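Just one chain follows, in the form predicted alone, and it is written as structure tokens.
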């Protein structure tokens, strides 16, 4: 749609240079254009220089001053933009309907047995989930939690990324490597903690590459699986990695922004939650201040988990 709009900009400029001030445009096309311009101006950041000629269409009269062929060409572009806008709106309505139908959360009832038996039952339930498998990318895997089912600390992210869905394990990419270093700095190993995501598949983008945050509906569908993992592991606390994970655990209304909730204890059922920045945020913002901020959250988690804290650990990442 952006390309079509820019084609229209060039056509209007050409008409103006040739002395034409007005063209005849159908009202249905005009309405589609208004919606398209508003959407791109806000959503895609078109510059005022590019959108100004389009906004001038509001002053276009219905008196024909251009040749019929030229007016028809311009009108065809207007109509194409209008049709594109309508098609996008229709696609969004269809997608929303599909999501509502697909993502109906199911209650998870754990069977009697040992923690290991319950965890294996839950893992098999998730890996064979019809909805999870329907929405995962072709050739990729549904992702379930890993680690110590007797762990004191449960690290929770939002959703798998490209590398995670290929391997079927959470936090194995660049952000995962950084999380491993954070865990090591706490005096632990990945094998001693539990690591999972709210989502069990990588949210679809329509492409093989790129990521997007999961929707509220997607997280709501997977949340019973996450809740059941917490029930099995029974950690002393959960570390929520990033704003999306925090919203999934605590509710969107409880997380107006990460800056307002990070470092402050919350509750997921009866389990304390420490929200902090996602490791990927640290990869994008490598300042010592941000590192220290996250580390202070980890110190709180260590204290809550009754882990020993050395003087050296207390002073990590101080400027």
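Numbering follows the first chain given and starts at 1. Predicted, not measured: the structure shown is a model, and the values here were computed from it.
Unshown form predicted in complex with a small molecule; subsequent notes refer to it.
Chemist: Quick one: of 153, 159, 226, 246, which gets a non-hydrogen atom within 4.5 angstroms of the small molecule in the model of the complex?
Modeler: Contact check passes for 159.
Chemist: Just to confirm, with a 4.5 Å cut-off on non-hydrogen atoms, which of 221, 171, 201, 194 contacts the small molecule in the model of the complex?
Modeler: Checked against the cut-off, the match is 171.
Chemist: Tell me, please, which stretch of 112-120, 161-169, 226-234, 130-138 lies within 4.5 angstroms of the small molecule in the model of the complex when heavy atoms are compared?
Modeler: This holds for exactly one stretch, 161-169.
Chemist: Contact between residue 278 and the small molecule in the model of the complex at 4.5 Å, heavy atoms?
Modeler: Taking the distances in the model of the complex, the answer for residue 278 is yes, it comes within 4.5 Å of the small molecule.
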